[in-house]
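Take a look at this one chain, the form predicted alone, written out in structure tokens.
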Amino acid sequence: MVSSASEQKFKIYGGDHSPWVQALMLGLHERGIAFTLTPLPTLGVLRRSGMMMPAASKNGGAWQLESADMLVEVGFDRIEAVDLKAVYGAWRGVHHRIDNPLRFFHAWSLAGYQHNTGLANLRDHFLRSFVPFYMLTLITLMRWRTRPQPPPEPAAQFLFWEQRLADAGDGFLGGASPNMADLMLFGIVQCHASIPVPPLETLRQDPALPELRAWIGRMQAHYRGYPHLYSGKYFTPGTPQPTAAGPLARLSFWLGSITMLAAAPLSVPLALLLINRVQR
């Protein structure tokens, strides 16, 4: 049984650059359920599942993994397997996020977490610099492990959704309101827009994707009050960008990033250990 929105509050670990974190937060926003976002996992979560995100705790309870399971818990129907496969397909191109490492870290530096205040907030921004360092390591490994393949047509990864939206008409994949497929696909859009990669320009410009662009516009209008929309800078109707971290928080993040780089003989093995824990 799903408890009422007023009886629920979620604490989420993750970054709003992640499509799966975005999907969970969009779903909670849709249901009117309060949540806070923290950039650092608890030690218990770190030991159990590494830096897998999102992890979420409802009403101070045990930390849970898998955004799909948590969305089911708050009342969404589970996404169909064929749709989930197509969502993952629309995520292709994520490895381009690290084409420019400085731009990659700059985007992370702007994340406006305010989980704590004062010195504790600066500490959090210093420590969270390990997260993009970890992600840089992970995506680099993904590149090394992926066998070179002929690049697909730019729009190919989105054509499944273009047809689905053409069949759905002027609403959402879920009909009159978004369903889990809408949430996850829109999470992918936020991921591509948070650190612009080639698929973002495909979504914006490719003549084969008019239904998808119209759907992005409907989603942005529907979620106008949601504070983590990166896509509003690139699609109409425009929406405000997420609140950026303040100057001191950004300075603390960059000091942390320099520290992580200087401590690479320790931080790289730690990142590899945590990647292995997630993959297990």
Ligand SMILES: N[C@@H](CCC(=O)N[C@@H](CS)C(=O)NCC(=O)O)C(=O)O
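The numbering used is simple: start at 1 and walk along the sequence shown. Bear in mind the structure is a predicted one, so any value in this text is a computation, not a measurement.
Below, we turn to the form predicted together with the named molecule, even though it does not appear here.
- Looking at the named molecule in the model of the complex, residues Met51, Tyr134 and Leu138 each place a heavy atom within 4.5 Å of it.
- Out of the listed residues Phe130, Phe105, Trp161, Trp91, Trp91 is the one that sits within 4.5 Å of the named molecule in the model of the complex by at least one heavy atom.
- In the model of the complex, the named molecule sits within 4.5 Å of a heavy atom of Ser18.
- Contact check for Ser231: no non-hydrogen atom falls within 4.5 Å of the named molecule in the model of the complex.
- The stretch among 30-38, 61-69, 246-254, 217-225 whose residues place heavy atoms within 4.5 Å of the named molecule in the model of the complex is 61-69.
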